[in-house]
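Below, in structure tokens: the form predicted alone, a single chain.
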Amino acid sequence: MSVTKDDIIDFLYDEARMLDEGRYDDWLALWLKDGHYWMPLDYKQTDPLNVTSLMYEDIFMLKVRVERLNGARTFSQKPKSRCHHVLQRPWVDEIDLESGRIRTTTQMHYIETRLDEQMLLALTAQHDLALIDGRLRIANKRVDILNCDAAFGNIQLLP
């Protein structure tokens, strides 16, 4: 099966909408079992394993995060945090279906709010996608925060 640039771009918009609407289980179903969500600590960081990151989560840790966000007894999330993604039109940087490699870059503003606090982050997300059984899936996602060297409060949700 073939995939078009429009299919890929629609997939990225759908992912952001799932997060904005709090459909974390649907979002988790987009991931491959060996995928990683990476948020580097430093600008132009290249190593997620031997250098400290803001976040480097495999599917197990993403499931734990989703369970916490969905949990009725998660008192730190009463009321629950909410988010909004404002995406620029994503760039499809590479489509190589023979090797199974699809790479995208999306710049966005991410807003997260809870009670009287609101946080705005400017960031760039890079997705490595795979076409599995005719469906796009997230193999890896890297989120670079523009001012990554600033002090941050808790980022509860997922930019």
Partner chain sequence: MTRYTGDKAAVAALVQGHQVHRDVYIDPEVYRLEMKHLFANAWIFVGHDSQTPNKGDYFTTMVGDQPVIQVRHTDGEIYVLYNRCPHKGTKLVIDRTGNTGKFFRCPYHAWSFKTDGCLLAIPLKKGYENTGFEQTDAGHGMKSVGAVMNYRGFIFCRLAEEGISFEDFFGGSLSSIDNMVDRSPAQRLEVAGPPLRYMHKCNWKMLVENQTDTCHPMVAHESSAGTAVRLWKELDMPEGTPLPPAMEIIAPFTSPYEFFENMGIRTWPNGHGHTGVHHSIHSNYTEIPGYLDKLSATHGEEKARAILGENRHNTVYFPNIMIKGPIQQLRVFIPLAADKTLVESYIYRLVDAPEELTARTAMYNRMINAPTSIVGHDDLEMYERAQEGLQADGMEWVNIQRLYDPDEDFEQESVLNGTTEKQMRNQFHAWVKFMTHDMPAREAAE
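Numbering follows the first chain given and starts at 1. Bear in mind the structure is a predicted one, so any value in this text is a computation, not a measurement.
One more form of this protein should be noted, the form predicted in complex with the partner chain, which is absent from this view; the next part is about it.
Mapping the unseen interface onto this chain, residue 149 counts among the residues with a heavy atom inside 4.5 Å of the partner chain in the predicted bound form. The closest heavy atom approach of residue 155 to the partner chain in the predicted bound form falls within 4.5 Å. By the criterion of a heavy atom within 4.5 Å, residue 56 is counted among the residues contacting the partner chain in the predicted bound form. In the predicted bound form, the partner chain lies farther than 4.5 Å from every heavy atom of residue 35. Between the options 26, 93, 96, 67, the residue in contact with the partner chain in the predicted bound form by a heavy atom within 4.5 angstroms is 67. Within 4.5 Å of the partner chain in the predicted bound form, a heavy atom is found for none of 22, 44 and 83. Using a 4.5 Å cut-off on any heavy atom, the residues of 60-95 that reach the partner chain in the predicted bound form are, in sequence order, 60, 61, 63, 64, 65, 67, 68, 73, 74, 75, 76, 78.
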